[in-house]
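The chain below stands alone and is given in structure tokens; this is the form predicted on its own.
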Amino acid sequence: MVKRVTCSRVVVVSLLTFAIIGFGAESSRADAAKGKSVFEAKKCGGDCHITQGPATEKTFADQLKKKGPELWYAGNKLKKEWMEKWLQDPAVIRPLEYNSIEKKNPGNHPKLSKTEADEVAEYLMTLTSKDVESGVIQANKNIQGKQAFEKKQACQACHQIEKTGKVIGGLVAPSLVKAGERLQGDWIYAYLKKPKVFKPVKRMPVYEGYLSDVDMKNIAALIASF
């Protein structure tokens, strides 16, 4: 009799545990579904943000049709905590307007409520690419990465960085100031290694053949530490 009671209690506890876990998973899926609905209702897709991959643009004319960065790999590229905050209070990442080399970015990206931002971030985290391998890059302020970043390629000529407490660098590319709060290191490495997968048409140089795989990993680790 005692054994049957004990077993019954174990079964009840197990069922409750599975129910709670299952509810959590269902809740997460529901949030992502709500986020997709918000994303679509706000008309964030289309020419603004592409959410279907792989990339299809073949010419600069194709690229110039887009009004904002593609998001079909957002779950690999961006950090969820950063997205939740940024969507509520968007700060300028590109000093110049998207696809422009002369017009200043007006910084007029629409704001979302906290609930909307959390839900949209949940949805964007579901958008991933098989070409990004997880667990490869760990943030690291390594001297090898710094030398490759600053000396071999002079990345700061296009990207803003923070150095000795000051923001320096070019304006024609996304700022890398505090990039480690925004970007995932594994995506940075994948982007350097396989740029045409993510952006077949772009102004940024293709580094495959110019930088070694070790250099790419070191640069990715360095940027992830910013």
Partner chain sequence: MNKKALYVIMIFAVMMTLGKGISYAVTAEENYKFYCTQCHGSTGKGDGINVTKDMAVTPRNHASAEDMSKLSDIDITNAITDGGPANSKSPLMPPFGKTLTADEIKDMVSYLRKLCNCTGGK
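All values reported here derive from a predicted model rather than from experimental measurement. Numbering follows the first chain given and starts at 1.
We do not show the form predicted in complex with its partner chain, though everything after this point is about it.
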Triplet F60, G170 and V206 all within 4.5 Å of its partner chain in the predicted bound form via a heavy atom = yes
Would you please decide whether K152 lies within 4.5 angstroms of its partner chain in the predicted bound form, comparing each non-hydrogen atom pair?
-> yes
Can any non-hydrogen atom of I93 be found within 4.5 angstroms of its partner chain in the predicted bound form?
-> no
Contact label in the predicted bound form: I101 to its partner chain, heavy atom within 4.5 Å = yes
Could you tell me if A33 has a non-hydrogen atom within 4.5 Å of its partner chain in the predicted bound form?
-> no
Sole residue of A179, L192, C158, V38 within 4.5 Å of its partner chain in the predicted bound form, by heavy atom = C158
Of the listed stretches (66 to 74, 161 to 169, 40 to 48, 182 to 190), which one has a non-hydrogen atom within 4.5 Å of its partner chain in the predicted bound form?
-> 161 to 169
